[in-house]
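Only one chain is shown below, in structure tokens, and it's the form predicted on its own.
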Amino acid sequence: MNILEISDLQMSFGTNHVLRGLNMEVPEHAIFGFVGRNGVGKTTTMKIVLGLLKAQGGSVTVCGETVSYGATRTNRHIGYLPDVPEFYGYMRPREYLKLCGEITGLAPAKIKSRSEELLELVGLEGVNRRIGGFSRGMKQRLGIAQALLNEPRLLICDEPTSALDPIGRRQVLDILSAIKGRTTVVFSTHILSDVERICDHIAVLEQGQLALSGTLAEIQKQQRRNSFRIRFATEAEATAFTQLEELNRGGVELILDGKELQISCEDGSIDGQKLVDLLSEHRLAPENFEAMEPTLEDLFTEVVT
């Protein structure tokens, strides 16, 4: 089942066409990485999903219900963590969660039990000082607790790690990984290493539409180019191998660095077996031979440049 479905979404600001018929599906219990450059339309999309911004075309459904601009009922299914969450600085964590629970109509006993559970989840169970003195990472973790208070089926996190130090980023990513079985997470970000670490589905937004979509393995297969790294015993062997006629044709890229050679082929004319045959034919025994899988950064760069 898809927890979120976006169909033909259109949005412009003046002459700036931000969304040009965006189509996207988020399966239940996924950690879904919504990736794109700054300013490409990720936050605009999330605001439309939340009913905070009126789209100029298309439709959005959450848990099978259509999102409406304004006081949309679908938000009862959603928890939201903005990129810079705001708090009442004079409150303490339990006081703040109590207020949020009362606003959403939770029973007092439920507020207490959920608050204790969530503060433990985000590593703030022993913290009783005022929120105004929290670090940025602590505020992000408290923001996650607040967003999960009402047991949402969909948690939307907009750039949750963008301003955090490495320790804070790891803590937030660990929390998001831990809640995968409880809810679906849409993780909007431009930090590709974070996506590779925790996301099982990925969508890359570029020029108002999805340039890539699927699991990382599916995307790698779709965009695959045969790439290999070979390390020879000597620089002379590496140089001689690059001069073979079979490797000097269109569609084959060679990068020689001392004894190490990288070979990339877009048209599939050079594969692992072909290289092994060439090495054997010319009596070359490399020290290392490996196929190179494209990283998300490689794939991202390929579709946005």
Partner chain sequence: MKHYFVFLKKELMEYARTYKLLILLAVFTIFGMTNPLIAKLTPDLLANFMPGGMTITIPEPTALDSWAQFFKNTQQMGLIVLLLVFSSVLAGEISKGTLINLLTKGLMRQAVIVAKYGAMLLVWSISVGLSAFLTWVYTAYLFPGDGVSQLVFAVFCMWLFGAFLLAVLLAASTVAGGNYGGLLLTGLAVVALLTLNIVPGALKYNPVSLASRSMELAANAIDKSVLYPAVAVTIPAALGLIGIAVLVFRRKQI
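Just so it is clear, the structure is predicted and the values come from calculations on it, not from any experiment. Superpose the two forms; the largest set of C-alphas matching within 1.5 Å is the rigid core. Positions refer to the first chain, counted from 1.
The same protein also has a form predicted together with its partner chain, omitted here; what follows describes it.
- Just one listed stretch, out of 73-81, 182-190, 114-122, 168-176, contacts its partner chain in the model of the complex at the 4.5 Å heavy atom level, and that stretch is 73-81.
- Between the options K110, R197, R92, R153, the residue in contact with its partner chain in the model of the complex by a heavy atom within 4.5 angstroms is R92.
- Interface residue among K47, H29, K259, K274 relative to its partner chain in the model of the complex, by the heavy atom within 4.5 Å criterion: K47.
- Shown alone here, Q146 lies within 4.5 Å of its partner chain in the model of the complex, counting heavy atoms only.
- Its partner chain is not drawn, but in the model of the complex it has a heavy atom within 4.5 Å of I103.
- In the model of the complex, at least one heavy atom of Y96 sits within 4.5 Å of a heavy atom of its partner chain.
- Its partner chain is not drawn, but in the model of the complex it has no heavy atom within 4.5 Å of F228.
- E95 shows a C-alpha shift of 2 Å or greater between this form and the one not shown [criterion: core-superposed Cα displacement of 2 Å].
- After superposition on the rigid core, displacement of the C-alpha of I131 between this form and the one not shown amounts to 2 Å or more.
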